[in-house]
Each structure stands twice: as C-alpha cells, then as structure tokens.
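Only one chain comes next, encoded as structure tokens, the form predicted alone.
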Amino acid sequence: MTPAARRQAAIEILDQILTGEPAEKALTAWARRSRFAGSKDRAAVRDHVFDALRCLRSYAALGGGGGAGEISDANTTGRQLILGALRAEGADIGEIFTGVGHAPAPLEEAEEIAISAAPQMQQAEALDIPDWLWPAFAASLGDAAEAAARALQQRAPVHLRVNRRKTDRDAAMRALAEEGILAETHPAADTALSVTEGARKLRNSSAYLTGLVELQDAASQAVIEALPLADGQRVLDYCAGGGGKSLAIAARAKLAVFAHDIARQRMKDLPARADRAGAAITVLAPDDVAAKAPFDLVLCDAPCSGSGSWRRAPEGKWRLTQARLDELCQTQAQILHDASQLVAPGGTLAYATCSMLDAENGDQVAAFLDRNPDWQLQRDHGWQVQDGTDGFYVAVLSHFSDG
C-alpha cells in the first residue's frame, strides 16, 4: 500500500468508529477484508487510527471541524481527522489527498477554506480532554494537568516485566538483544524494562514465549512492588482481568496466589500464561471465593475510567460520560466493601486503579475509611503519564486485629 492508501484506509476505519464501532473490531474487520495489506501496512494503518483517536478534538479542529467532545460527534469525520493529523505533522496534504489510485480524494474548495486558518481552540479542546471532564481532570492533577494531557496525546511506551522466577534484568536484556529487541532498565520498578527498539518483534520472540518477560507497564509493576508480600502468604487478586498482576505477585515471593474476576472469561488465558511463567495460580469462580477466604492480602485492581491508560485505549476517553464515571465510582466502593470481608484479621487490603482522577483514587479510599474505622491507610502513591509510565494509583490498607 502507498502512504496515501494507508491514510484512506484509516479514514474509512475512523468513520466506522465514529458511528459507534469499537476500534479493535473495526480494525480487525478491515484487515480481514484487505488481504492485500502486509504486516507493515496493517501496523501503519493502526498507528494512523490510534493517533487520530488520541487527538480526536484537536485533529478535528485542525481538519476543519471542531467541537468533538465525544467519539460519536456527528460533525466529525475520519477525513477531517486525517487532515488534522497531516497538519499537526506539518506534512504536505496535497501529496496525500490526490485521488490517484486508492488515495483520498483531492480537497474540495470548502475544505480548503475550512483549514486555511489556524483554529482557535479552547484549552480542553487543544489538550484533547472532554469539556465535561476537564475541571475534574485539572483539579486532580493540579499544575501537572496540561503535561499529563499532552502525554495522553502521544503513543505509550512499551514496557516489560522481567520474570524473576526465571531470570534477572541483565540476562533478560541480553536475551532480548540477541533477537534484535533493545531495552533499558526503567526506574519505576526493579523488574521493569523499557523497549527502545524492536517492539513489534516481542510477541514472537523466544524471551516472551518462554516466559522470561511479560508485557506490563512499569507503573503496574510498581503497584505490585508496593505490596507487603512475604513467603507463606495467601494472596487474592480480586479483579484479576487477564492476570498480569497475579503473575507479577507470584514472581515476588513463595505465595499461594488466587485469581478472581467477576467476568471469568477475562482470565481464560491465565492458566497458559502461568504455565509459561512457571507460576502456580489458582483461578477462582465467583462462587468459590468466600470458601477460600480469609486471605492475608487482597488486591483490588478495580474497574475504572482508565484515564491513566488512555494512550493505549484512546476511545475510552471519548466514550466516558459523567453517568458512567459515577457508576464506576459506585462499583469501586462496592468492590472495596466486598473485598474487605475476605481479608484475615491483621491482613492487608490493597486498592488500585489505572486512573489519575481523585474521585476514583484518594476520594474513594477516604470514603471507605470513613465507613470502616477498623481499617487504616498505611501508604498510597500515584503515578502520572507525563513521568514515563501509565497513570496508576495504589493504596495499602491494614486491618486492626482483635488481638
């Protein structure tokens, strides 16, 4: 595919997403229809689509539209987004919008007029944050709000977790380098690596397939590093999802690790991943959790807005509404309550999100402590995207023992 044809494919996929189709589904459907597209073509088209979703509002404005406060804004088109992307890159629009072959059609006069002047964007629009969310986003991040928003406009770094059950960081970096994948240590966690070259080779690499490394953001690893894990404990990953944190926990000490998720299908790949990593993890159905309690430590990586990982899943930024955020906060409160009942006296409850919003983090923990005076906060910490990781939060709570 030519560069222009790749942009046209991105336009068509974005138009589907803008009508409500999930991004991954739209990309997969296009790939199945486009057998002629090679791996480099598919990767390039995917990059164009996700770049546009990260910068939906500012690209729409640069492309002659504007006002896109959500992904389903009827005034926004894939063509506008790709025009905006080219303007943001400083590229020659005329070289892409030629109408030759599979290239986008040439600009119409109305489009040329619409993009002839620099758009006057409000702060939230320029920073690609929904208007309704900007006050809470700014209040949560303070002076760092603009830097965080700008980081969310960029592609996320690729981080790896070194599996300490099988290797160490230096040996893992050597193994990766032998396969053309270069990485360096990341300061957020003692198991974290940042890939600097060859990221697209990872999933087929021997280092990955034999369980020496796992894909996991450095801050997500730091959350596990913050937990008071020790040999002999019984630990429950209460909202396990795909099980990345369960695997990280299992690599930290000689533990009995249990994984649970209300949507059990999310854990379907965990047994194979655990086998690859050399870890023993017991997957629990919802009806089995209470029977296995109490646990020395329960981790709740709660469902959240995902605001700390919007670089990786940018459509979530535009699909989030105030009503959905309120619903998530209610769910988080219920999860904290339910999980606290599973902790042994004197045990630990850890609460984590991949969010940077106070409503889901410190405010949620403070409300739990107000309702439950037999718990106390030992420590909490937040990570922000502008500092080189995803945005994460963790609070470690201890339970007063009757003794």
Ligand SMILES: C[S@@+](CC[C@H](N)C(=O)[O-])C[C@H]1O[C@@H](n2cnc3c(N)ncnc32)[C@H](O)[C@@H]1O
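Just so you know, these numbers come straight off a predicted model, no measurement behind them. When you see a residue number, it is the position in the sequence shown, counting from 1.
Just so you know, the form predicted together with the ligand exists too; it's not on screen, but the next bit is about it.
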Does the 4.5 Å heavy atom contact test between residue 262 and the ligand in the predicted complex come out positive?
yes
Could you confirm whether residue 335 comes within 4.5 Å of the ligand in the predicted complex, counting heavy atoms only?
yes
Does at least one non-hydrogen atom of residue 242 fall within 4.5 angstroms of the ligand in the predicted complex?
yes
With a cut-off of 4.5 Å between heavy atoms, is residue 295 one of the residues that contacts the ligand in the predicted complex?
no
For the chain seen here without its partner, which of 157 to 165, 242 to 250, 100 to 108, 142 to 150 has a heavy atom within 4.5 Å of the ligand in the predicted complex?
242 to 250
With the ligand left out of view, choose which of 321, 123, 331, 75 has a non-hydrogen atom within 4.5 angstroms of it in the predicted complex.
331
Which listed residue (119, 303, 316, 130) meets the criterion of a heavy atom within 4.5 Å of the ligand in the predicted complex?
303
